[in-house]
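Taken one at a time, structure 1 and structure 2 that follow are two forms of one protein chain, written as structure tokens.
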Structure 1
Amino acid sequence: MTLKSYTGGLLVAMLIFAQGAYADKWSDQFPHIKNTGDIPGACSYEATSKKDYSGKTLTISTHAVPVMGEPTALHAEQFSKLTGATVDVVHSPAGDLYSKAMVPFQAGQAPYDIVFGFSNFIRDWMQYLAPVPDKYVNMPQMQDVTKAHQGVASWDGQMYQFPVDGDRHYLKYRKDVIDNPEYQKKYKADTGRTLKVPTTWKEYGEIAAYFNGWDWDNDGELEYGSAEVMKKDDLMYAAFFSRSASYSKNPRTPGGFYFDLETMEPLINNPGFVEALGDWVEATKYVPPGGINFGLGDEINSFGGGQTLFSFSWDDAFVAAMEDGSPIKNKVGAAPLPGAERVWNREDGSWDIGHNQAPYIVWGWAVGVAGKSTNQDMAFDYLCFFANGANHRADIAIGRFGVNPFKKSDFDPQIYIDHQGWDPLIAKSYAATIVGMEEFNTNRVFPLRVPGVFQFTSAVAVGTSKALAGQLSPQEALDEVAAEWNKILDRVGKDVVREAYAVGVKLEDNIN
């Protein structure tokens, strides 16, 4: 029995109440799940407690605390208490996760049984990972995972990554400012424009600049326009692609967002990407002091703590803002990423005029079991426990954890109303925003999943960081990135990259 069988909050509450004695047995010992109790299933607390891994050691490579690193360690401690296993967790910065696994993989070694990384590593890592056994793939818990995120975890129909997280970028904003009649009147008087949820990046910049550097929420501290991930090698490439999608993902020119699939010419320095980078350089003027060095944790704390008007990365900052104890709980809103009023047409070399919006489905955190691990059964049991109903429901309520919705049952707004105390309108807006990206928007950008992906994204980080620092113009910076991409294509092999890239292009062009 899984929670997906129940779609209404009342029925969920009834299930938990009915299992009260059973749930309390575990929620008393593990307060992390106090709001849900144990949720029955193959990998529940009750089921996991029947495993005996005494005398065995599981070694895990994961991200630094808190994002993903904290839940990894928490669930490792829980798993150890339930099964008797010794679980060693090694934390590393985002920029080191790829090599932390890849270097020993290539040497034929397996110092880690479990490796956390980003889902776009799959093409490079999959030959070194153990396929997820059918008994996990076919369990009800896995069937609740959305089709998109089952695809994220798989390659050519084979699941190599165990789903623990689902990611996308969307707009977060302060409802108490944007919906405030007094501020709407003031903004109109001062600018001649309407204060509303921005639907373009230009509007985003104008509003963020206006609300930058003054105490607009009357808390005695200055607030700022936007919190963004701008730190080199700390996922900044993903922020750049979010800003670029609406300018460069033209639904009338299929065949590639990052490269032209036929020629494999890099598109990263075309006018659409350059326009986006120009906007991003302007954004350095309306982020908090030191914001140009913000990593993901900083962005979560900044928006989630009430310091900025806007943010647009992963769910984490929004969830942090909606946690109990947050000064801005029920004062924030969710909406699709801003778009643009023109999009580059690479086929005729001109701008197509008209509103264009393209969400960036950032697949995000992923995890696999090393093919040479001698503890594969224990490793998969740990991952299944990590993502069980009770842990997942608790984890997605903690912003700093970085565990975001990836199950169909996560799209029910009643969950957030009943268990997390969200305002119903905010919960419905949040659910509608993420389900719209998953199921209804067909002009989308997916992450690059090709051999050498870390080299490509690192080149983007290096080039764009030079533009943000004022060392190069946006065009110069992206010309430099394009030149580096061509070198990477030569090293890795253009045909090898094209073969893998075609898989992503099919998704973006909605080819079944």
Structure 2
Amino acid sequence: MTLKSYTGGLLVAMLIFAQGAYADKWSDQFPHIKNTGDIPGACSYEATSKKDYSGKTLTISTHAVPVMGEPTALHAEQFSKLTGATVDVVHSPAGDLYSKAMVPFQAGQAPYDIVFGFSNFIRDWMQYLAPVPDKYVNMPQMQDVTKAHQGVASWDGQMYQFPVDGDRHYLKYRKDVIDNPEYQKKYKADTGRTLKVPTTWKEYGEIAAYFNGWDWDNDGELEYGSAEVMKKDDLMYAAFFSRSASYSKNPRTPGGFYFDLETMEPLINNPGFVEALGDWVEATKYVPPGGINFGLGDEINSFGGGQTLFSFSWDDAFVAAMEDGSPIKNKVGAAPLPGAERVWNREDGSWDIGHNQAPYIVWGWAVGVAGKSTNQDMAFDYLCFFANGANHRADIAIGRFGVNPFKKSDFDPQIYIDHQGWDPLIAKSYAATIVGMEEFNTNRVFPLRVPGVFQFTSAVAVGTSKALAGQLSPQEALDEVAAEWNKILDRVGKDVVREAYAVGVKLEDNIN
């Protein structure tokens, strides 16, 4: 072997090794980022290690382990090792996060430097949060965040929540069933319809009902049509808005999805929402036994465990299904939420016929720094470190972490193929689904972000759960919700709610 060929071979081997392992001094110390190594940036491991917060203590209120609680604690430990800071992490159930922060906020105290919650808390929390400083807003890491999620984290152009997570609802389905030629033939023979990824909620219901209650994956267990979040007070209202968006978000009638912005009349009981609730009541027939008591965890376990054909909600169920060790890895597909064959036109008081689809950029995890915190610099550095390139890339690969794509760079399917072993077709459909919702669709619905948002969503949960339980018809249930919404408007003040709602409507109506 000549020296030239030896050197050439060595170089090729080094390149291959460097490409495959990404090892660097940081990934040796922090195995969490072993797939990528440190990724350069203002808050990279390298940059963060140059800060010295020895003797200082950062206190964080976050969710219980694992969803968001686990990455918070993990990055706290890493941050502590890198900077010498002491980081105390306090975990609470999801339902307590709001009051855990709000009670001291209202009392003028700051027991927590950083508070985790949901992005739709923003209107209630923003007056107690420190705005995200310009140096973070303008850095390349933040510029990579999609416009939609910058909007979700901001209030009227001012960013109050540091983006660490991106959320949207989309359809997840069993690709091995829907693409199976035998089942396609059987479905056609039995129903006269074509088996395909559903593009309307009616198709979703028909296919789910057909595949309900029999062993279609031959594992000796019964499978069911759909897993959905139907448990009262457990995020069910978000599932209802997902089902309602296509029936009620009419691109020809801007000016409000939840309320008519001009009159502040609740739209929640219009025929679009009623049709969606009617579909949802039907869905109780094709969910697994006990399905109307399924919370988010049950939905993730049910679909991720291969129990159902369909599911729709946050990314977690999809990522869990695609993790190593999942029985259905590379057997699932992602697609936009189903649409509707008609959409309610509230101006004409009639249905507009034609396919309509509206993505729901649902609220997700959000985090802010308390305005009264005396450690704001350290707190923002921690958040910036949390969401740095290497941590983010590693976090989105772990379903239980609850960290989902919100950066433009997340939409490259190659990262899921290279680092997570996803089938290329699935990775491409996943990336195309989320990029389509984030960047291209202009008929999006954003979460309700108004004062006292919990009162409004709680009323929706109570009303819709009565309909699912058969206590009221869909129309009666939503009339009850609308009446409750009117009472809340009277209490909080129509103008106060309108002013806040207008900010969300601007996002929905694509007004910059």
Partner chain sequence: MNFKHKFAFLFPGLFVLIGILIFPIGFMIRLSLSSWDTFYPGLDFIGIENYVRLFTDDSRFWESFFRLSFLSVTTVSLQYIIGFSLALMVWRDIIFKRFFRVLFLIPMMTTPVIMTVIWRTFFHESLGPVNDILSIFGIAPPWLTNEHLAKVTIIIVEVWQWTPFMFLLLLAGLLSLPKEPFLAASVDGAGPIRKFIYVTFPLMAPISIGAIIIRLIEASKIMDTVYVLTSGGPGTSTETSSYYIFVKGLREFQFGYSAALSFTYLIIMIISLTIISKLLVKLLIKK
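Quick caveat: nothing in here was measured; it's all calculated off a predicted structure. The first residue in the sequence of structure 1 is number 1, and each one after it adds one. If you superpose the two forms and keep the largest set of C-alpha atoms that fall within 1.5 Å, you have the rigid core.
- The chain as displayed in structure 2 is taken from the form predicted in complex with the partner chain.
- With the core held fixed, the Cα of A64 is displaced between structures 1 and 2 by 2 Å or more.
- Fitting the two forms on the rigid core leaves the C-alpha of Y187 displaced by under 2 angstroms between structures 1 and 2.
- Annotation: Cα of N270 displaced by less than 2 Å between structures 1 and 2, core superposition.
- The two forms, fitted on their core, place the C-alpha of N391 3.0 Å apart, compared between structures 1 and 2.
- After superposition on the rigid core, the Cα atom of G37 is displaced by 4.3 Å between structures 1 and 2.
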